[in-house]
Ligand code: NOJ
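One chain comes next, on its own, written out as structure tokens in the form predicted on its own.
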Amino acid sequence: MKRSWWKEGVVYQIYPRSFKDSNADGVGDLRGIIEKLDYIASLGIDIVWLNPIYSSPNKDNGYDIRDYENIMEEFGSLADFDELVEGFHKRGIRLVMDLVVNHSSSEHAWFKESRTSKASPKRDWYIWKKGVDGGPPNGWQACFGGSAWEFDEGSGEYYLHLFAPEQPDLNWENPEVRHNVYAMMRRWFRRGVDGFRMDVITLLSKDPSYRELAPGEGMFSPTAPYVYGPRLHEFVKEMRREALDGFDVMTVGEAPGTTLEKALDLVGEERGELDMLFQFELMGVDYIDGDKWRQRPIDLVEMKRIIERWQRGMYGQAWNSNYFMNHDQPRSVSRFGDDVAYRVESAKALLLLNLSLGGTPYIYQGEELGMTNVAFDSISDYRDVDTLNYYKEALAAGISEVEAMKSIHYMSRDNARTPMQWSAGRNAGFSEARPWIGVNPDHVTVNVENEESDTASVLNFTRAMIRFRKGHPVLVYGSFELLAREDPRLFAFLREGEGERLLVEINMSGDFTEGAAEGLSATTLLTGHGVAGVATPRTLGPWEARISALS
């Protein structure tokens, strides 16, 4: 496959609202990120992905955009943004921004004009429909609960919002909408942006019949009438031609409803569409019947099969994006690891796994410290619209408050959105003021200041593992072969190519387990304990992870 900087790079995701507050208003901002540029560079990462920083009323923490070409006042100014871009580029780091164009804010000038009347020149920039039998046009449900249609008293029609009512869906059938989006993208590229993470990109094209979901179809089923719609590929190819061509940039699409086959159609190297995508099959490994608020224990054998399917299925044809958490998921060490007895060990094991898979790895802020989920006592401590809506619906459905909070403690998006833990001091060193959301109490032990001086910390292991990946291109471009397929504790695989053959072994349990090196001549190069050049023993301790060279 073609070589590229975005294939060989490691991405660090920053949630600006929770990263660092520079002006004591309790909200992270661009100048806070500027203060921490040297820290970010010290990780060894190559690319930063910023969650939305555009002007927004924050009904969904910036994913409801009021003005695509201005910065949210809480975050700073365009001058701050320009300084941030320059600071990243001086350190050899590329900057990727969030592109949210399935929907805008209901406060966007386009939508405010669209709803003035049925005769508005921007009426067709959004999706308006007449009601049916005194109710919505169809039974589609919104991602955050309730109907996906909102009635507008002024015009007597409904508008579509697949997310919150304050996030009306743009009408991509209208060429004016598309060309305005492409022009906006080019202006950001000219400002120095190096690419876009494209929010829910697979939802842009809707089935023109607006049919009901069929029996068995969930909201983001691959066949749902607004997922991978009939013109999606046409739109993305047009975006490539009109917005991306001529710029050396990367694209990664958030892709609800993606199967391996659909992914190959969207990001296949010869397709001329997107560079890579985020699929959600692994993120659903602990859901019951596709419902994230109903969870089951993670089955390692199933988890391995999912990862293998994507590693082998994309190899040589398309590029993987690998992640165990982001701003929409709980903390990886609390979900896939053991944040009680083996927090440090399991955090390192998950980082080693992520950075050993083929594809581009994404690390979310605080993951490099082993930050954990937070268990706030009261629903009033939560800020996420999805969490708050679930809580109301759960209680209305007869679920006890204890059970609802148990699910929230495990799965809420706010687990990932508590402030970055810089020190053991007041507000974790995030802000001089009370933060917009509470700080995790474990910041007194889990923080950058503590981990900088600890050679065995998760932070220093992250740096070592990123350096190791960069020194071993086989981890980027090599083949993948799963070993110990049915083992319920051991995740082991071979990476081969680029003149190397590496064995990766991870004990994903709190018990001792046998490794996969029997009969192989293996020399350990890297472990969670930092050992190098040691003949590989057979047994792995709890959550022990290692990479060995095979002769």
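From 1 onward, residues are counted along the sequence shown. Treat the numbers as computed from the prediction; the structure is a model and nothing was measured.
Quick note: we don't show the form predicted in complex with the ligand, though the next part is all about it.
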Stretch from 321-329, 82-90, 432-440, 211-219 whose residues place a heavy atom within 4.5 Å of the ligand in the predicted complex: 321-329
Residues D60, F163 and R413 all lining the ligand in the predicted complex, heavy atom within 4.5 Å: yes
Single option in H108, R197, K206, R94 placed near the ligand in the predicted complex, where near means a heavy atom within 4.5 Å: R197
Interface residue in the predicted complex among W293, F144, F235, W188, criterion: non-hydrogen atom within 4.5 angstroms of the ligand: F144
4.5 angstroms heavy atom contact with the ligand in the predicted complex for Q167: yes
Contact test in the predicted complex: K304 vs the ligand, heavy atoms, 4.5 Å: no
Non-hydrogen atom contact R417 with the ligand in the predicted complex at 4.5 angstroms: yes
Partner contact for E254 in the predicted complex: the ligand, 4.5 angstroms, heavy atom: yes
